[in-house]
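One chain comes next, on its own, written out as structure tokens in the form predicted on its own.
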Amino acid sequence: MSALTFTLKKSPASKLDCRQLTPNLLANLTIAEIKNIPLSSQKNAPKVADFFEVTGDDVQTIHFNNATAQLDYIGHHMTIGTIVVEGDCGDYLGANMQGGTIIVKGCANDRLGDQMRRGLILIDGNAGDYCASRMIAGTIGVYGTLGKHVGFAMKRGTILLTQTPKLHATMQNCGTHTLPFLALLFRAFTTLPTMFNTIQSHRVQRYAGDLACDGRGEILVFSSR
């Protein structure tokens, strides 16, 4: 079996809603049925086949090739499996995610992991504003830079960063720590195609929050060198 692959044929003029293209929702569909899925809720919405070449048959491993920031809601409400994005992605990547793994080889836009409840998201590039907003649990890693309002209304969960973002006042600096659990976490990353495999240090600057909503989440910033 080979990964179910959506290769973007042309750059869309407007945003495409990819929330239906997850392992849990595609599990019992044929290729013909997948190609006929609408990419928005509007009347006469474009179908998958209008923008993507669809190949492969393993719906538990989904690839988006030639991906751009016009692709919103990738991995929305995902519960199982793996999604790999070769390129960039749009807003709300992994929103309401409840399980599985998402890896992005490029950059992500705003609201990455919004209301995420479980699972793993790793971004090799940058991410936009409100990363991990309203996050409930799970792990998000961003190797590059971040926009504003990281961890806004975050309740639990872990954010892994290589650069310190501008944090709002309700994220508390907890000092520098060596965290042994990171050795186990990064061992689990060794089979994944991600820049996080290059990180060796387990020494981090830790921030806790969002304290405005009694949040028990954490932001861990470490050196990638």
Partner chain sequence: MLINGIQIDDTFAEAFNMRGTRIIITAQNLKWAYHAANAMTGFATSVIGCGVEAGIERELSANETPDNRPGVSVLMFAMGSKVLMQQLETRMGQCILTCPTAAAFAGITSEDNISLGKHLRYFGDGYQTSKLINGIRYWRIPVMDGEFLTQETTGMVRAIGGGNFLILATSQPAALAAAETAVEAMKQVPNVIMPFPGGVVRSGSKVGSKYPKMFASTNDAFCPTLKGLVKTELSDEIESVMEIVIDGLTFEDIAESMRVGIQAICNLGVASGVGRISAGNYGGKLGPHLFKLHDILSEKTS
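Positions refer to the first chain, counted from 1. In this text the structure is predicted, and so the values were computed from the model without any measurement.
Omitted here: the form predicted together with its partner chain. The next part is about that form.
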Practice task
Name the residue from Ala45, Ile31, Ala49, Leu185 that puts a heavy atom within 4.5 Å of its partner chain in the predicted bound form.
Solution key: Leu185
Handout entry: in the predicted bound form, the residue from Thr139, Gln115, Asn109, Thr82 that sits within 4.5 Å of its partner chain by heavy atoms
Key = Thr139
Problem - Contact of Leu179 with its partner chain in the predicted bound form (heavy atom, 4.5 Å) - result: yes
Exercise for the section: Decide whether Thr162 counts as a contact residue for its partner chain in the predicted bound form under a heavy atom distance cut-off of 4.5 Å. Expected result: no
Problem - Contact test in the predicted bound form: Thr194 vs its partner chain, heavy atoms, 4.5 Å - result: no
Handout entry: 4.5 Å heavy atom contact, Arg216 to its partner chain in the predicted bound form
Key = yes
Practice task
Tell me, please, which stretch of 131-139, 84-92, 69-77, 145-153 lies within 4.5 angstroms of its partner chain in the predicted bound form when heavy atoms are compared?
Solution key: 131-139
